[in-house]
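Next comes just one chain, in structure tokens: the form predicted alone.
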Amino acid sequence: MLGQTLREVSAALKQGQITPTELCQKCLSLIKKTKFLNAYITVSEEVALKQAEESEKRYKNGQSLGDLDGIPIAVKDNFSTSGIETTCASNMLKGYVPPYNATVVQKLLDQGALLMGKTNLDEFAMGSGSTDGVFGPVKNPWSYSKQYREKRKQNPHSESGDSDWLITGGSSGGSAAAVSAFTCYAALGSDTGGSTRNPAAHCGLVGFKPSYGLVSRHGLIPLVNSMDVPGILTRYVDDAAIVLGVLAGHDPKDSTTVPINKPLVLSSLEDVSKLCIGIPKEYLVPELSSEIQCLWSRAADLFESEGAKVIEVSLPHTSYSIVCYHVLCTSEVASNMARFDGLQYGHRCDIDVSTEAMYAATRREGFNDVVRGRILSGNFFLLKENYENYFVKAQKVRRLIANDFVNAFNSGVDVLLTPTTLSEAVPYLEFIKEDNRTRSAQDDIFTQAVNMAGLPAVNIPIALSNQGLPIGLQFIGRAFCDQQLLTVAKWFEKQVQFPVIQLQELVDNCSAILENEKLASVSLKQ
């Protein structure tokens, strides 16, 4: 049951094959057994069970609210949740309980979804590994998969048990791990420069970033207002489309949202021959692993063999996107983080010498080095003497990058096909050798430009690497052509038949960790 699609589980609930409470308990049990993954910051067990009870009553009365009624979901801990702590994985917001739900959270709850908990992330979503939050790093479930364990060449575990587990990618790594480990069917992430697609690629999931303005940002604690988009993590494209159908639409609380004219419903793509797939030549960078390059080429060949037109396109300003993104991102971060001053909510230090001293000490104690570093960079770029040379120029480059995409689509291209990440997931100890800025620049190289242009994009897992780890490719669509993008992605998903993660061997291969954590065995067999 836990490995089925949303529609299949919804049908089983309607037919009485399983109750929402039973399904909720299965997921809660698995959350406890996979606690060592550190996917969740807060597990809302009582809330979820109460929601399941209400869902059960609706099913008994034949009043199901839809496909999400009784379905366990998780939410990244930078979305406001009424009555449930929202921390952004930061000391600054430890203990903060919002008085309202983010619009996307409320929409899911209104459809009867069960909130299993709040997931881990990089502090204030500033990172690409989900390793920099105050609650510790998130471990990739594929670290413990049968596929990886059988193919890896080193010893199963060092004495400490910490030598070879893999990162999830970030910053929505907790949401990705939660879905990948079967503790929920869908999870909300946020995507500012690839933070949903990056962990989706490393965890073998569908990671969808909608068009900017299609889904409300109200209640998403902002990182970069002009680029933030609520993202969707699921195991199947159709599941992501179902969630998008619930979330999309105008929100009077978010002036950037637009109304949708008709429901978002995916149809099967029977004739691929009418498609034109664009391959951006600038994305073939030297750092790209040969394995991903090969799979990218094979994916293009697959479309061509089915009659689609595959052409090379140019996005000439791609090389400037990383620097441009850094300037714009840190500038907006500096502005957004100014609200955390210790006066209104969140952490407040004990120093009372002066307001200025309290303010400075609060931010020093509340923010980690990554956040403080981005605030300093952003304030530098926004200084009166630097504003024209940095921020204004970056905005002009952003327009050029957006126009590159417009020109590519105007040339007849329907969808762009690119890598999502440079490589498969890497071990934690290897990942932390680089600083946060370097890691973010490297890992989000193929995803940042999409956010600057406001386009929809989705990661689709395509195959396992030679090490038995997921590799994903990214599809990029025209603005507000999310339905067409997901339709193409669904066809591609059907062709590649990505394997399901096999965690049945978890206990045998990871007994040391389980003994240390005093956790029960995990079995996904139903």
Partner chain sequence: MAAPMLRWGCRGRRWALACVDGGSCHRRGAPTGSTSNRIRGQSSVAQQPLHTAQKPRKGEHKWAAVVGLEIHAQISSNSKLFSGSQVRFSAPPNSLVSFFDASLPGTLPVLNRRCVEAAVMTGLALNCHINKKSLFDRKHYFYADLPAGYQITQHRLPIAVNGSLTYGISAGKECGQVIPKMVRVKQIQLEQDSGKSLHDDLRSQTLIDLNRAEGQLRVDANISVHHPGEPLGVRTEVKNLNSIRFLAKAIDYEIQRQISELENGGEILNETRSFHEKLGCTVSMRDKEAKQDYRFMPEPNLPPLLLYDATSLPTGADPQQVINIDQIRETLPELPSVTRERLVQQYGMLPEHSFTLLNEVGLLEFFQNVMKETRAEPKKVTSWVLNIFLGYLKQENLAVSESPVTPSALAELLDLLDSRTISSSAAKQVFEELWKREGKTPGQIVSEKQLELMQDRGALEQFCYSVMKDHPQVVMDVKKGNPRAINKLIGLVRKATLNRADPAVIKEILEKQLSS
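Here the structure is a predicted model, which means the values were calculated and not measured. Numbering follows the first chain given and starts at 1.
Just so you know, the form predicted together with the partner chain exists too; it's not on screen, but the next bit is about it.
Student: Report the stretch among 143-151, 172-180, 267-275, 221-229 that approaches the partner chain in the predicted bound form to within 4.5 Å, counting heavy atoms only.
Tutor: Going by heavy atoms within 4.5 Å, the stretch is 221-229.
Student: Can you pick the one in S305, N410, N389, S255 that has a heavy atom within 4.5 Å of the partner chain in the predicted bound form?
Tutor: Exactly one residue meets the criterion: S255.
Student: Which one of N91, Q442, S377, Q395 is close to the partner chain in the predicted bound form, taking close to mean a heavy atom within 4.5 Å?
Tutor: Only one option qualifies, and that one is Q395.
Student: Mind checking whether each of Y96, F340 and R363 has a heavy atom within 4.5 Å of the partner chain in the predicted bound form?
Tutor: Every residue of the candidate spot has a heavy atom within 4.5 Å of the partner chain in the predicted bound form.
Student: Wondering, does K262 line up within 4.5 Å of the partner chain in the predicted bound form on heavy atoms?
Tutor: Although the partner chain is absent here, K262 would stay clear of it in the predicted bound form, with no heavy atoms inside 4.5 Å.
Student: Can you check whether D132 is within 4.5 Å of the partner chain in the predicted bound form, heavy atom basis?
Tutor: It does not: once the partner chain is placed as it appears in the predicted bound form, D132 has no heavy atom within 4.5 Å of it.
Student: Using the partner position in the predicted bound form, report whether Y345 sits within 4.5 Å of the partner chain, counting heavy atoms only.
Tutor: Yes, Y345 is a contact residue.
Student: Determine whether any heavy atom of Y212 comes within 4.5 Å of a heavy atom of the partner chain in the predicted bound form, and answer yes or no.
Tutor: Answer yes; at least one heavy atom of Y212 falls within 4.5 Å of the partner chain in the predicted bound form.
Student: For the stretch 69-83, which residues lie within 4.5 Å of the partner chain in the predicted bound form by non-hydrogen atom distance?
Tutor: Sequence-ordered list has one entry, S80.
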